[in-house]
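Here you get one chain, nothing else, as structure tokens; it is the form predicted on its own.
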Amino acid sequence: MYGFENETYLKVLHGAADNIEQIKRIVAEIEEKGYDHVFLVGTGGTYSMVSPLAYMLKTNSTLEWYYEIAAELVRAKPKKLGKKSILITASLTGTTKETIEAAEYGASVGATVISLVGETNSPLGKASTYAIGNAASNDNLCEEIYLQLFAIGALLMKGNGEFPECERFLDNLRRMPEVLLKVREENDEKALAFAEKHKDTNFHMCIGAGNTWGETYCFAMCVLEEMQWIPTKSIHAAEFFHGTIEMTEKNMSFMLFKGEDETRPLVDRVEKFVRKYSDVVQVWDTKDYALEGIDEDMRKLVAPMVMSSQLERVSSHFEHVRNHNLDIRRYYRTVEY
């Protein structure tokens, strides 16, 4: 596959799965100390990556949680953030300025800070109470972040007397590396066809919901806009009919991101509408993959990882057919702002 090494991918994901034992020890220490609530914090891509964890807690737990953009958290200074808080964040490089500032601010008010990083001695790692390291091959490998975030969430819920499926869910997470590799392989031709068809398309509508909303937001902003400089709008399926509907035209490109949770009918509703009024509709659906070895009731929980895996092939093929390297930036981390 273009721009992809199987061995590296499996090494990174198995490294994330191996960290589950370390995560168990960290969560046990935090529970022994005691906490009241959880802050899920990120910047850009990592802000989108903590979205599925927020959805998991919302639909499976009574834990009190807050979902925050790092830079806003630092300036808003939530009154709830303090000694009884867990702040969970991530940055594979460990150098994202806004995320480091959020971790430092959290620590300054007594919060326990957990960070997922490529290197534990990175600036973010040093600013954290617990830094969980796993070297990645590039800064676009979302699946390893998801795997570790989901493990943290499952263990926190278990400690709260909820989610009796926790250990079985962790076993499913350990099986995900090979499962996700197969997803990438199976989606390669479809992704290439899409990239070739849309190499000159100058605008896309990206629509999702539930625990794949984060992937919808991330692909639109971090891939199409940041990495390919293609104007894009990400819109939640529940909000599509309240404004964005009027942008529907025959030649408008729609990308629909379908997971397997309770919100899937929201995306189905948008699909039914746009297929009637647009000739350019692409659906990325986690149900298209067998996910052999994954328990049926766990499919909806791991859907964000599956969505990320299939979309990586789209990103890589866009890079190739558009002759636009995914690492090129005009402004991001290039100029002062």
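Start at 1 with the first residue shown and count on from there. Bear in mind the structure is a predicted one, so any value in this text is a computation, not a measurement.
There is another form of this protein, the form predicted in complex with another copy of the chain, and it is not shown here; the text below is about that form.
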* Structure fact -> With the partner omitted here, the residue among Asn187, Ser122, Thr112, Thr232 that in the model of the complex has a heavy atom within 4.5 Å of another copy of the chain is Thr232
* Check each of Lys126, Arg175, Arg168, Lys80 and return the one that places a heavy atom within 4.5 angstroms of another copy of the chain in the model of the complex. => Lys80
* Asked: Every residue in Phe4, Tyr289 and Asp295 with a non-hydrogen atom within 4.5 Å of another copy of the chain in the model of the complex?
  -> no
* Asked: Can you pick the stretch from 22 to 30, 40 to 48, 279 to 287, 303 to 311 whose heavy atoms fall within 4.5 Å of another copy of the chain in the model of the complex?
  -> 40 to 48
* Asked: Using heavy atoms and a 4.5 Å limit, would one call Arg269 a contact residue for another copy of the chain in the model of the complex?
  -> yes
* To do: Give a yes or no for Arg329: in the model of the complex, does one of its heavy atoms lie within 4.5 Å of a heavy atom belonging to another copy of the chain?
  => yes
* Are any of the heavy atoms in Lys58 no more than 4.5 Å from a heavy atom of another copy of the chain in the model of the complex? -> yes
* **Heavy atom of Ala209 within 4.5 Å of another copy of the chain in the model of the complex** => yes
* Asked: Can you name the residues of 94 to 111 that have a non-hydrogen atom within 4.5 angstroms of another copy of the chain in the model of the complex?
  -> Thr96, Glu98
